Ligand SMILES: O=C(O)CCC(=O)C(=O)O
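So this first bit is one chain, no partners, the form predicted on its own, shown in structure tokens.
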């Protein structure tokens, strides 16, 4: 087996293999999952809007956000780059990600959709330049509902949140790859870096230098599927140029969207019934009109 749990296109339907690797490591990489035409379209959108990187500011309360229609520009700290939040509103190529056939079956199985339903907690396109990184965060020790991870060996999973990253550029050494600690979604103790900094959730240092971290290298169009409970982050990008990726976070239907976005009428009208159920899993219920 290769160093990482890599799923080749011909093995994408092998549920037993994918279940084993996902439960053991907390992540799998799906090779060549997104068509080149789709990655090209998403990169074209990024090309047309990357100038927002020059004006992006940390917006904890979102007071200073800039909007592109229903897409919000956002950054947490500066080094993490710019996030185009609610990217699902940016056109059909992003809508196809909602229930992409390469991964939606696995997502439904891991979240146990028949019992828990399915929703999108967050959708974003991230552009990160030289020097950018994400600090180490998460881990099985955290008592947070969306970081739950259970597989009681009865065939029924219960995973609180699954992240799906699509690489829009090749991501190799020096490119600021996502980093993980294998199996840490089952850890009972925090990572030493988090404990040392006395932080509950996230360290401000690049995750790539933390003990135990492993860089996950990907080719453009590959997809990384991992539980949010795994201790993860990203290495610092030392190469020139940009790291680009799209991130969709899936959760049970009762976990609200991260930034409380309301789907636009245009988006809801353009989706299939199945997609609409994921985007708007709990529609508002109102009393009948009083005559």
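As the structure is a computational prediction, the values presented were derived from the model and not from experiment. Numbering follows the first chain given and starts at 1.
There is another form of the same protein, the form predicted together with the ligand; it is not shown, and what comes next is about it.
Interface membership of residue 102, defined by any non-hydrogen atom within 4.5 Å of the ligand in the model of the complex, is ruled out. Shown alone here, residue 86 lies farther than 4.5 Å from the ligand in the model of the complex, counting heavy atoms only. Put simply, residue 247 is close to the ligand in the model of the complex: some heavy atom of it is within 4.5 Å. For the chain shown alone, residue 128 is a contact residue for the ligand in the model of the complex, at least one non-hydrogen atom being within 4.5 angstroms. Of the residues 187, 206, 98, 165, just one reaches the ligand in the model of the complex with a heavy atom at 4.5 Å or closer; this is 165. In terms of contact with the ligand in the model of the complex, the residue from 159, 120, 194, 134 that brings a heavy atom within 4.5 Å is 134. For the ligand in the model of the complex, the listed stretch (259 to 267, 230 to 238, 25 to 33, 42 to 50) containing residues with heavy atoms inside 4.5 Å is 230 to 238.
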